[in-house]
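Heads up, the chain below is alone and in the form predicted alone; it's given as structure tokens.
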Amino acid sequence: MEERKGFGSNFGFLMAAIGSAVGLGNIWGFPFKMGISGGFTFLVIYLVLAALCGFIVMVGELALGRKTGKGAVAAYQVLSKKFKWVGWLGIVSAFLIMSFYCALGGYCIKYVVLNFGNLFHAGFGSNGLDGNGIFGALMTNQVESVIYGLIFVVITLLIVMGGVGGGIEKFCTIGMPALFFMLIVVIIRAVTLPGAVEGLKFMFVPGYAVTAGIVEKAPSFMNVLSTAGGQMFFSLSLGMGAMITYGSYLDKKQNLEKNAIIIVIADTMIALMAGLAVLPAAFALGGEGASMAGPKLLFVTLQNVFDNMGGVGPIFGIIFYLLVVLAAVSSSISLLEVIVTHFVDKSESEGKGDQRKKYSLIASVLVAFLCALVCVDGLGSNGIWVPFQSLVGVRGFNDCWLDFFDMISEGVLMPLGALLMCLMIGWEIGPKVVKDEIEGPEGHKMTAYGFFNVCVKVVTPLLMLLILWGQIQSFFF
């Protein structure tokens, strides 16, 4: 089929794809989950899953996107009779993830501003509040939270409106190397702090979280498997249509197999680097009882770390939160692109021309509404009703809207979508479709075809069933 214009270079594609994968889940999710799930043991299981599931799904999604030249919904409709509807799971996931991603991205912008205030001793700085005080005030200031969330939505909108080559690729080509450089700067400072070794033990020593009293008991194998699997899907942007969408803009000259390997390795490396940047500093200067997970790690513990660094603290605070903003934006633009691409393709197929700006705006307005809901909720601080809140024992539902949206997207829709994609490739259209797309007219040999064939038919679906069951169990039981 005729190729459509998209990424101007393979480097630009890789930066965009890695940017989609690298996000908030890498910065606070990966290192903490690694620590409480057995340290190095978790890392080994994660790497095995990345090879047996992550690589397989990544290759499959990129191939489906490039073969059809369509977004997530249309790609399934073109190729499958039994799984025509699966692409809609990606659209729904993208909307739900963006709702809390934009809220958290807005908080990060607020903290960049706050640290600038601290640097210049201005009134918009900390004003003597500690990390808990700052974060608590932001959560209960619904108007300010919504404003910063909407600023993040607008930033995402403007980049996506610029198109794949003119907006997304340009941003990621500059943003991802900048993120890598800032990570190096923060890592050097973090690991040289007195007491930083405790953070390294938390990440890499098996069972350290139990012996140090951070968690009560060692997790079961199924718990570690489901935790690592959920983190892998969220971290690699799999099962949400992002890689199908980006693959649809990739030209036939590029080696999809090689690109998939680079994306998986780069994402895992940056996740580990994020851990080295965050946890040693958190343990060294966070103090007793410091939160080591989720938003509180990012906005309470680490802000306390920067406040305790003296005069250079605000500088490192600005660098770090800018880094997180870059990571969040690079992921949010891929999520919005999943939604926009579907409607742009549909419009063009109906002869209505390119209506990217129109659909980018419509999708962003809907995202802004959900983002405002998450911001007004304030992570459960403001007593806003949450669906299924009254159900006893339902862990995923009873905290806040962020948890609710995360449970539906990361917990169910993403692993389910990736599972169904594997079943479609393995048992309906056949793995040779992927092989033919990768090798194509350029003569790239798919060296891992035997491995891919066995995994996509049997190994990956079975593992993903276990991951999906473990995710559902963790939310409901």
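Because the structure is a prediction, the values reported are computed rather than measured. Don't overthink the numbering: it's just position in the shown sequence, from 1.
There is also a form predicted together with a small molecule; it is not shown, and the following applies to it.
Three-residue site F234, S331 and M414 fully in contact with the small molecule in the predicted complex at 4.5 Å by heavy atom: Every residue of the spot touches the small molecule in the predicted complex.
Non-hydrogen atom contact L24 with the small molecule in the predicted complex at 4.5 angstroms: Yes, L24 lies within 4.5 Å of the small molecule in the predicted complex.
Contact of T460 with the small molecule in the predicted complex (heavy atom, 4.5 Å): Result no; T460 lies far from the small molecule in the predicted complex.
is_contact(F320, the small molecule) in the predicted complex, heavy atom dist at most 4.5 Å: It does not: once the small molecule is placed as it appears in the predicted complex, F320 has no heavy atom within 4.5 Å of it.
4.5 Å heavy atom contact, M240 and the small molecule in the predicted complex: Yes, M240 is a contact residue.
Candidate stretches 375-383, 331-339, 165-173, 184-192, one within 4.5 Å of the small molecule in the predicted complex by heavy atom: Comparing against the small molecule in the predicted complex, the contact stretch is 331-339.
Option touching the small molecule, based on a heavy atom within 4.5 Å in the predicted complex, out of A72, A282, I97, V160: Filtering the options by heavy-atom distance leaves I97.
F152, Y76, Y101, F299 - the one with a heavy atom within 4.5 Å of the small molecule in the predicted complex: Of the candidates F152, Y76, Y101, F299, Y101 is the one lying within 4.5 Å of the small molecule in the predicted complex.
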